[in-house]
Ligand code: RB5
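Quick heads-up: it's one chain on its own, the form predicted on its own, in structure tokens.
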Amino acid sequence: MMIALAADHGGFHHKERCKSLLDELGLVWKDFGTDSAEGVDYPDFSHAAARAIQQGVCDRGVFFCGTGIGMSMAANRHRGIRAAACQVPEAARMSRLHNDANVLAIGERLVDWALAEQMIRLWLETPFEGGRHERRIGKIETEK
């Protein structure tokens, strides 16, 4: 599985830590930036990483910013992207189980690294339940 990583300045440190976690898990990743904690515009990085998922270059993404909200909003502008901004492990798990989220967005200012790591691990290992949820996901796509 190829994971797209993206962050703005507010999520830079978590993104860098995430690389080590993904290496530990034996997963391949592609970093779409940013490459420092200097101020940047989150849509630039969210759009680039979301396009890579859309085009099949990456399978899923983990995006970071100050709150996770901006990165998820930008990513969700892309057809086929289901980005979930999560702050607790149960939300990350349910985003996969019921929503087949292909992007997890985490806010570095809201979630410390220990909790973020727990959420990422759980999100990566949780399969999509399918069934009745497939119909609902289909309805998301019909509105774009």
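Numbering starts at 1 and follows the sequence shown. Only a predicted model underlies this, so the values are computations on that prediction, with no experimental measurement involved.
What comes next is about the form predicted in complex with the named molecule, which does not appear here.
Undergrad: In the predicted bound form, which of the stretches 64-72, 113-121, 30-38, 94-102 has residues with heavy atoms within 4.5 Å of the named molecule?
TA: Heavy atoms within 4.5 Å of the named molecule in the predicted bound form occur in 64-72.
Undergrad: Of Arg60, Arg77, Arg109, Arg51, which residue is found within 4.5 angstroms of the named molecule in the predicted bound form when only non-hydrogen atoms are counted?
TA: Selected residue: Arg109.
Undergrad: In the predicted bound form, does Tyr42 come within 4.5 Å of the named molecule, counting heavy atoms only?
TA: It does: once the named molecule is placed as it appears in the predicted bound form, Tyr42 has a heavy atom within 4.5 Å of it.
Undergrad: Could you run down 1-32 and flag each residue that has a heavy atom within 4.5 Å of the named molecule in the predicted bound form?
TA: Those in contact are Asp8, His9, Gly10.
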